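In the form predicted on its own, a lone chain appears below as structure tokens.
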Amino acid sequence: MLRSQRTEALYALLFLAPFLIHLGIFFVFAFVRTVGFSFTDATLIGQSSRFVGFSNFVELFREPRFLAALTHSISFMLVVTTLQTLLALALAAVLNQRLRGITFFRTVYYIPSVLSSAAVTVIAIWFFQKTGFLNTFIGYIGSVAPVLLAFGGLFVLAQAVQVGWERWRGVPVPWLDPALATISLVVALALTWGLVGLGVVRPLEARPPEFTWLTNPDRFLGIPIPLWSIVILNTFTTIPTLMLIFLAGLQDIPRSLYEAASIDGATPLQQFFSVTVPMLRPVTFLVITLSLIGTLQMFDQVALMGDAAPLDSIIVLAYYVYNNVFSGEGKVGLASAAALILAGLTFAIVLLQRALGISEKAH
């Protein structure tokens, strides 16, 4: 190696030294220590520990709380990753349109990502309480349901009359023609206001449901109801970040592809599935990978939920590790074994994703 190359390598190492030291201490050393602890009976308050082999791993699969945490983590990962990917892609496709003021809407939709997890979780606890916003809103919608149904029926009737009249005159208007829909909207509003004023249509008494979201012991699709609350919360706060990644990918797709597809007679829906989705495969791979890792390691929202929901209904693997170390006897060995299972599960899921063909190569 020439002297100039050695000097260049030395400068490179000097610049990389802070990152390498951080990586070595907080990742490599921590991982090696975790592997070592997983084969011992070490505790947080113990003076010494002894080698116990694979006993910690065997004990984990005999413990109901660990099995619940493992099941919750996998269910949470599957549901949230699917919801986040689909909704982020749909939102990015909408916000990729060239409309006046689109920057304002992009900013508004990104706001949930910059909010503090603690603040969002506190709002969510109030949102999902028995007397919180969600049940109150459902009760209000139920009370005004007769008015809404009357308005919807009158709108459909007015639109059908107008479209039927125009087509009878030989004008080929679509069912959702914007000009006719505006007239139908005004007519429906006026008639609904008149029916409510005459007492023909009356709102009902507001009766919020007594459904308990955070303490309900029931399950939906095999997932505890309280965990569904965290699913909704996590999806709401993570979609904007993934949407931004999809939006960057959409803006890199050459417009000439859409123009060629349009000349060939492809509809917007066909262009989306034949051009947009294949060209976004590298971005989709990144989004799904980030979502898989993030959902498997989800911790803060379960921890911040506190006593608002039963722990066994919302516990996930990351919180199981924390709970075993910092509560009771501080089972460091058992928690280390659970942490290794969480790491192995994360690697296995990402490798499975690649094996199923969701690769980083565009088509």
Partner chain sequence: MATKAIRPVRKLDERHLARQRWARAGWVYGAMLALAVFFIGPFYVAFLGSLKDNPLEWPFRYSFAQTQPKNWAAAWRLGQLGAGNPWTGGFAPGAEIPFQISYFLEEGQEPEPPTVTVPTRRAGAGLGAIFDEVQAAQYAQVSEVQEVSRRPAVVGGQPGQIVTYAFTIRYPKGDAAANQPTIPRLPLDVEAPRGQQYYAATLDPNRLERRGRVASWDSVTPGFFGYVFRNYVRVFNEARDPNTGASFFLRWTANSFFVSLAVVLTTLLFASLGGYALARMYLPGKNYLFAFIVFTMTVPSQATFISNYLVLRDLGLLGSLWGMIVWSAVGAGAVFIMKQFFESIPREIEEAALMDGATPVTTFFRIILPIATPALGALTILTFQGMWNEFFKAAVVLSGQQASYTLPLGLSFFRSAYGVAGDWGLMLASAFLSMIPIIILFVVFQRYFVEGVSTSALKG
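Positions refer to the first chain, counted from 1. Just so you know, these numbers come straight off a predicted model, no measurement behind them. We call the rigid core the largest set of C-alpha positions that still match within 1.5 Å between the two forms.
What comes next is about the form predicted in complex with its partner chain, which is not displayed.
The contact residue chosen from Ile102, Ala160, Leu148, Val200 relative to its partner chain in the predicted bound form is Ile102, the criterion being a non-hydrogen atom within 4.5 angstroms. Here is the short version: of Leu269, Leu86, Val277, Ala118, the single residue with a heavy atom within 4.5 Å of its partner chain in the predicted bound form is Ala118. No member of the trio Val231, Arg255 and Leu356 reaches its partner chain in the predicted bound form with any non-hydrogen atom inside 4.5 Å. Segments offered: 76-84, 189-197, 218-226, 235-243. Contacting its partner chain in the predicted bound form at heavy atom distances within 4.5 Å is 235-243. Taking non-hydrogen atoms only, Leu20 approaches its partner chain to within 4.5 angstroms in the predicted bound form. Though the partner is left out of this view, Gln297 does reach within 4.5 Å of its partner chain in the predicted bound form, counting heavy atoms only. Although the partner is absent here, Ser55 is not a contact residue: none of its heavy atoms lies within 4.5 angstroms of its partner chain in the predicted bound form.
Although the partner is absent here, Ala30 is a contact residue: one of its heavy atoms lies within 4.5 angstroms of its partner chain in the predicted bound form. In the predicted bound form, its partner chain lies within 4.5 angstroms of at least one heavy atom of each of the following residues of 120-145: Val120, Val122, Ile123, Ile125, Trp126, Phe127, Gln129, Thr131, Gly132, Phe133, Thr136, in sequence order.
Once the rigid core is overlaid between this form and the one not shown, Ala179 counts among the residues whose Cα shifts by 2 Å or more. Taking 2 Å as the criterion, Ile293 does not count as shifted between this form and the one not shown: its C-alpha moves by less than this amount when the rigid core is aligned. Core-aligned CA deviation for Ile141 between this form and the one not shown: 2 Å or greater.
Note on Val283 and Phe19: their C-alpha atoms are more widely spaced in the predicted bound form, a change of at least 3 Å from this conformation.
Figure legend: C-alpha atoms of Gly265 and Asp177, shown here, are separated by at least 3 angstroms less in the predicted bound form.
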